[in-house]
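Just the one chain here, the form predicted alone, laid out as structure tokens.
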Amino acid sequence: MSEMLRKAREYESRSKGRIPQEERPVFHFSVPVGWMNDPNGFSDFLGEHHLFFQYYPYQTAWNSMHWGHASSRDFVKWNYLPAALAPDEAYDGAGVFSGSAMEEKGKQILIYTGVEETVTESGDKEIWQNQCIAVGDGRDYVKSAANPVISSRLLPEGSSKEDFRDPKIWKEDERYYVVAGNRSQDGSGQIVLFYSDDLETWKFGSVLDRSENRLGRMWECPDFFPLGDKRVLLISPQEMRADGMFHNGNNTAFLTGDYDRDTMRFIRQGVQCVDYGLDFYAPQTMQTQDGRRIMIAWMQSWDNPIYPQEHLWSGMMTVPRELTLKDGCVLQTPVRELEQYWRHEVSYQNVTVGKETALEQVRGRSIDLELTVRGMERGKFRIRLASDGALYSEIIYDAEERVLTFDRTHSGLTRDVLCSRSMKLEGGKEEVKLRILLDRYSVEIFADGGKNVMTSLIYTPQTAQDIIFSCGETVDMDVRKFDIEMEG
């Protein structure tokens, strides 16, 4: 173990106990201490789910990237493990960036982007991004002597050697494959595919898809997997312009289509926004032993960070989500294991809502809430969450426009940051169904059976517990609420 990794492990061991549990989210994974961004290495190993993540333990800001590590048996309750990787080699001294993991012959294989910075004779700085491998036992890892195993020199002519990162690995018919994000000759994003028979000697396979400056610029954090009868290419495009489906800045997208494995060609057929919220980026998936495809993402925004400066940690993940394919669209639902932590079911049917309505047992800051609203032809239906009268966040459904908006303007923020985002719903005017996961610091909204999803952070004081419903027109509403509690 390097001295750098040893120090990181000692620091996180000393420091994570300083953060009271009541200052953390209840059922969302949060960083042990310091800073966290992208999920990495989301995979199974020896019967447990493993989650790695971009990590800087020493302060709540992005810096020299390490890999943090945790494990779980149910995707909800996570156990912190010692930091897995540090930037301690010449080929990754400027950062161990995002990557993935897989189990192979009783070993856990990590593949990540090693960032190397050099200074030329003229004094210019050169940055090289290459893909590297480490092998371990689920706790300790040894970097391969063959690193970097996928050099940027293998890229097609004209491709960026500086923007070449975030490898996702899988095995198919005794051959290993990796997709990675890259910039093409025109300066915009492309996803490149490599293959190997031994994890050390890799060959370039193809360019799976390109932005051609239509879907943002650089494409980060790719994932490529079968779902139903299609293949899905999951990407995180940067520098996008709003166009109705996507907002300005960093986005995430499902590209669905067909894949010819023999020629390594992907034929894109559909584009879908993954999440319309204020705080969602860099999703990654894994396949469970029972065949489910599970996705998790970083719940924060690069351009619009709102985490409290007084916290000793910065970074949460979404609730893991099960992905399914229906009519060519990817649907997302909270992982079913969350139901093990449901407590105190409350149910109301045919509640008439017009003016402000509060239901005695529907409140709290760690809940799973399902709503069905019927008979709404016009006007706006509102839900105020995490409310104490003065402070609240609001979900607003405009029946005529069929648009759902999340607004945290009055959540307690004191900085001039983006607070509102909207998404178009497909449901008819007969009824609207929503599922809302409310944790201490976040709101995740699932609509249209999980086709349209919205994830956002709130840092309202925990004393704000009320939930209030209102509507300009009279509507009927069914409500089912569970508290989510984590014992032990």
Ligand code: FRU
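One rule holds for the numbers: they count along the sequence shown, beginning at 1. This one's a predicted model, so the numbers in the text were calculated from it and none came from an experiment.
FYI, the form predicted together with the ligand isn't displayed, but the following is about it.
- Remark: of stretches 345-353, 409-417, 214-222, 377-385, the one touching the ligand in the predicted bound form is 214-222 (heavy atom within 4.5 Å).
- Site residues T318, V335 and E444 are none of them in contact with the ligand in the predicted bound form, judged by any heavy atom within 4.5 Å.
- Contact between T60 and the ligand in the predicted bound form is not found at the 4.5 Å heavy atom cutoff.
- By the criterion of a heavy atom within 4.5 Å, S98 is counted among the residues contacting the ligand in the predicted bound form.
- Though the partner is left out of this view, Y281 does reach within 4.5 Å of the ligand in the predicted bound form, counting heavy atoms only.
- Taking the partner from elsewhere, R183 is found to have every heavy atom lying beyond 4.5 Å of the ligand in the predicted bound form.
- Listed residues S43, N452, Q54, S30 were compared with the ligand in the predicted bound form; Q54 is the one with a heavy atom within 4.5 Å.
- Think of it this way: in the predicted bound form, the ligand has a heavy atom of just one of K143, R165, R231, R365 within 4.5 Å, and the residue is R165.
- Scanning 34-56 for heavy atoms within 4.5 Å of the ligand in the predicted bound form gives N37, D38, Q54 in sequence order.
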